[in-house]
Structure formats: structure tokens, C-alpha cells
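Presented as C-alpha cells, the chain that follows is alone, the form predicted alone.
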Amino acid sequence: MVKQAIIPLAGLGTRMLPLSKAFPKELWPLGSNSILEKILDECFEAGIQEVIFVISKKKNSIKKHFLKDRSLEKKIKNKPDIFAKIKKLNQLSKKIKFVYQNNPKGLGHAVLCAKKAIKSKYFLLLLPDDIIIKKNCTKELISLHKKNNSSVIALRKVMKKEVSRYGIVGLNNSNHKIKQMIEKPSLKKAPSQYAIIGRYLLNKSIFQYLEKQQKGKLGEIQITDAMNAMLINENFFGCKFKGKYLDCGTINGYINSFIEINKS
């Protein structure tokens, strides 16, 4: 059973500057909830019991967001709608653990920072830039994992001009078994147009590969490189998820996502 999830939150949010300078983008609103709460709802609806946030000291405001504030609760106790939302945060906080990555060195390094907190054989990794609505993508990954007893990653077909923004996979079309992964390839070197989207269900053996992983693109430890090394010894399957993908990783993407959420 998959019980734990990692959500990396220590990034600098450079694509959202200057708006993200003082207030973490993960706490920006999407409808009546924040981006981060959307991700948490997806996790807990899928049966996840504990979520590990990887944050930096500069993002302690995320930790504060979930901490109980008795003085605030006293002031709003006669406002039931607002009070209910604060109480929900209190309940969520009981399922959250914090670890620190004070020197961001890539997604792979962020995952490695959470190594000691992971107890089960398999765990989930969710990226808050990627919101998936109308279908619980985490449930889809867990279902495919149960079927194949292997690691699973979410896939989405992207336009040719977008290929160089993503980790791209080569896969067997008959059973979606992954044969190759390349981080941000040129269109010429890309094995397909299927991009890795920010939902991963991984064997904790990934930590062994991350510890040995050399720096890749942008001088960072790339998790795609580590997963590619895992392919030699382990199976990976791709999940062409059924939900609608929203990109919250850029200003324009966030604005479009906000509009889409408020249509619902």
C-alpha cells in the first residue's frame, strides 16, 4: 500500500518573480483553496496518510500556514465559514511532516532530502506546478502500480515546440512500459512527444541512484537521470492520465488555471 508522498516546495519560484518574492506561489489561490491544498486534497482522497513537504528556511511561511493559531481562531469563531477552513488546515497539519532543502540543487536533490522520512517501499512524488482536475491522477497511478507492481509516472502528449521543457519518454505503445527517459531534450533527440508530468509513484530504491547521480542539466541533480538509470534493473510504466492538466509554473499558466478552476 502506498501511504506516503513527497511534495518539493523549496524552489525559488523564479518564473513567478517578482510576485513570488515575498509570498510562495504554492499558497496562491486557485478558486477557494490554494494551489498546495489542491494537491493535498488529491493525495488524501487517494488514501495517502502522510505527506512530506520539502521546504527551505526562506519558505517557513508554508509551515506557518498550516500551524494552529489559537488567537486567530478566537477572533473568527463566530464566522463559521472561515472558521471551518482554518479547522481544515489544522486537520491537514496532522498528516504533514517538514524536511529542509536550504540549497536547492534540483528536484532529485529535493527528493533525496526526504529519504529518512520515507518508510514504505513505494512513495508518491507530486509537483505543485502541475494541477490535474476532473480526475484523481494519484488514484490512477496507484491503480496502475497495483496492476504491475512497479514504479509509475504520469504522461501527457505535448506539442513539438514544448518538448524541450520536459522530461520525455520513449515507451512501448502496447503496454505503456517505458524504455527511455531524457531530461529536456531537443526535438531532434526526443524519443516521443510524451512528457513526464509532476506525478510519480516510485520505488524507494530511487534514493540509491540519486546518491550516485552526477549533476545534469542546469548543474542540478535531475530525477529523470536517476530514473533512467533505474530502468536497467526495474520496470517503469507510463500513465496517460484522464484528468485535465493545468500548468501553474508560469504567470500566464497560473492565470489560465485560475480562470479554468473558477469555471467549475
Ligand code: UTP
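Throughout, we count residues from 1 along the sequence that is shown. Everything numeric in this text was worked out from a predicted model, so none of it was measured.
One more form of this protein exists, namely the form predicted together with the named molecule; it is left out here, but the text below deals with it.
**Q** With a 4.5 Å heavy atom cut-off, would you call Ala154 a contact of the named molecule in the predicted complex?
**A** Because no heavy atom of Ala154 falls inside 4.5 Å of the named molecule in the predicted complex, the answer is no.
**Q** May I ask you to check whether Lys115 falls inside a 4.5 Å heavy atom distance of the named molecule in the predicted complex?
**A** Lys115: no, not in contact with the named molecule in the predicted complex.
**Q** Give a yes or no for Thr138: in the predicted complex, does one of its heavy atoms lie within 4.5 Å of a heavy atom belonging to the named molecule?
**A** No, Thr138 stays farther than 4.5 Å from the named molecule in the predicted complex.
**Q** How about Lys240 - does it come within 4.5 Å of the named molecule in the predicted complex, if we only consider non-hydrogen atoms?
**A** So Lys240 does not count as contacting the named molecule.
**Q** Among 170-178, 124-132, 67-75, 85-93, which stretch sits within 4.5 Å of the named molecule in the predicted complex, heavy atoms only?
**A** Among the candidates, contact is made by 124-132.
**Q** Heavy atoms within 4.5 Å of the named molecule in the predicted complex is the criterion; list the residues of 21-46 that meet it.
**A** Residues within 4.5 Å: Lys25, Glu26.
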